[in-house]
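Next up, structure tokens for two forms of one chain, structure 1 and then structure 2.
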Structure 1
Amino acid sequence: MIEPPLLRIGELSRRLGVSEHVLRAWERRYGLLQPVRSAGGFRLYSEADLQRIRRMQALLSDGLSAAEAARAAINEEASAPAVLVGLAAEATTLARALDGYDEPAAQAALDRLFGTLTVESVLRDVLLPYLHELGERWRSGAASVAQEHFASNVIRGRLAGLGRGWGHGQGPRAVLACAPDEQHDIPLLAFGVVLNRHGWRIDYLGANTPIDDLVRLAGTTHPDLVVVSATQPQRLAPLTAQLTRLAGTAPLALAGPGATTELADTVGARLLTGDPVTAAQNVKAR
């Protein structure tokens, strides 16, 4: 059908949280991928390549050696064309329902999606792409603010359900917050859901959180990780001093498109790259 766009190694690395060096090494040593090349020789990766690396990561975190994981990832490749077709259709149903303010239909579609796919996959492959695309349509005038709010609220409600009780338990504790003035909390919510499923306890502060409050909270409760998320660099840039103080109080990670390598280095924080689901999986991997 429509040829999907291809990614260069830098973007693949950002999305997966795997360094370019490692991607090339896996290719060289295990033949894990055989990306097509641009006329000039640059590697160009497809969606299938991305999936294979994800599988590789999963196998690695199961404790397989790199060589074994690569071999398994290559051999499995059973793929699931039927599942994909079903996924596309169901995702469409969901999108139509949300676009059309049809909450029952949307919930039903969500039920079916969560019934067939993993939570991670629903978040990463369906909900977050849909929200991203809705944002695009809003920017281009093709979708209204009301549509955006309606869809956000339905999805936020579901994620809240997935996160029920996530503050209790035994695992390490993470404090999640959006930067001041940042209102896009759904990716952070998704991040929290996945992190929680990996055994973490979550303290979720949500949108628009003052950094000083975080410093105070971190100073009294000593979480194992504090995550601050922002969609735009200018949300974080003026807060360098406060973030540095925060990083001195608890392990800090910056996330979202607004988090840059430079800022993270400057304030002494980790940088979380890629989509929220992958980022959460990578946090666990360390």
Structure 2
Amino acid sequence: MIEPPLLRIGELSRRLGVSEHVLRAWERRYGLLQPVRSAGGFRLYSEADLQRIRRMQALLSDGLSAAEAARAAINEEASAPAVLVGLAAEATTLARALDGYDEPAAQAALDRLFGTLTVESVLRDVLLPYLHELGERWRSGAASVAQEHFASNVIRGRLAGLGRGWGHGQGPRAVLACAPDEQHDIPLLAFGVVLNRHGWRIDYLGANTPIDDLVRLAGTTHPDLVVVSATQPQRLAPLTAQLTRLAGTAPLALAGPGATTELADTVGARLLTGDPVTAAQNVKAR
């Protein structure tokens, strides 16, 4: 197996959205990072360091102090093999229930997952991978349209429940919408759930949203961020003029496999990369 590359602290900071100063403080105070030295004497950080910081970020968002979050992240890593075995077993149980149209069993599996793990872990490590794999099976003919619709609706309903009341509060405001003709909204829902857990208020418009409507809404509510998501480039490519107008009305970000660096640069938007959970954790209001 090829080991993931070791990272300099600047790259680690960029990926996590945490300043180098804070990372060094967490390393010094709590032993949260365990770098190795390069031949030139530079500190290099591993994938394990990156995941440890992500776990600490999740614990901080749950209200723990920095010391408590660091201690919990380190202790959880020590018990990770058992946790991973349990996670894999529960993910398998959930997949079998969804594939078998067994809604009560699927809800029970989701209850156990959300009761044991953070929302971020369930989304990033279980639900989004399952949906990706289900989509691959559907495209190959190994899963039916009915299976895809059933599983998607169960998961969408659960995420909608997690987002209940997410428009309340005093934090920055984000408007989330899928591009015109885009029906795949679950990744955007997951993004919104995590963004809300980081203090944002969410206005969720969902699938197939006209860009002109977004322009009018942004001009009225003045959100701190508008996110437009698409799974295919052809959903966004014909909308350059409208997206440029939207970016001139409110800070705009493009997300999903259909968003490209070239288009984001052309219309004056930022590009959200990575999985929806990590992208939401890294978003900051301008």
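Throughout, rigid core stands for the largest set of C-alpha atoms superposing within 1.5 Å between the two forms. The structure displayed is predicted, hence computed values, not measured ones. Reference numbering: structure 1, starting with residue 1.
In this comparison the chain labelled structure 2 is the form predicted alone, and the other chain is not. When the rigid core is held fixed, the Cα atom of Glu11 travels 2 angstroms or more between structure 1 and structure 2. Relative to the superposed core, Glu20 undergoes a C-alpha shift of no less than 2 Å between structure 1 and structure 2. In a rigid-core overlay of the protein, Gln51 has its C-alpha displaced by at least 2 Å between structure 1 and structure 2. Taking the core as the fixed frame between structure 1 and structure 2, we note the C-alpha of Phe42 moving 19.2 angstrom.
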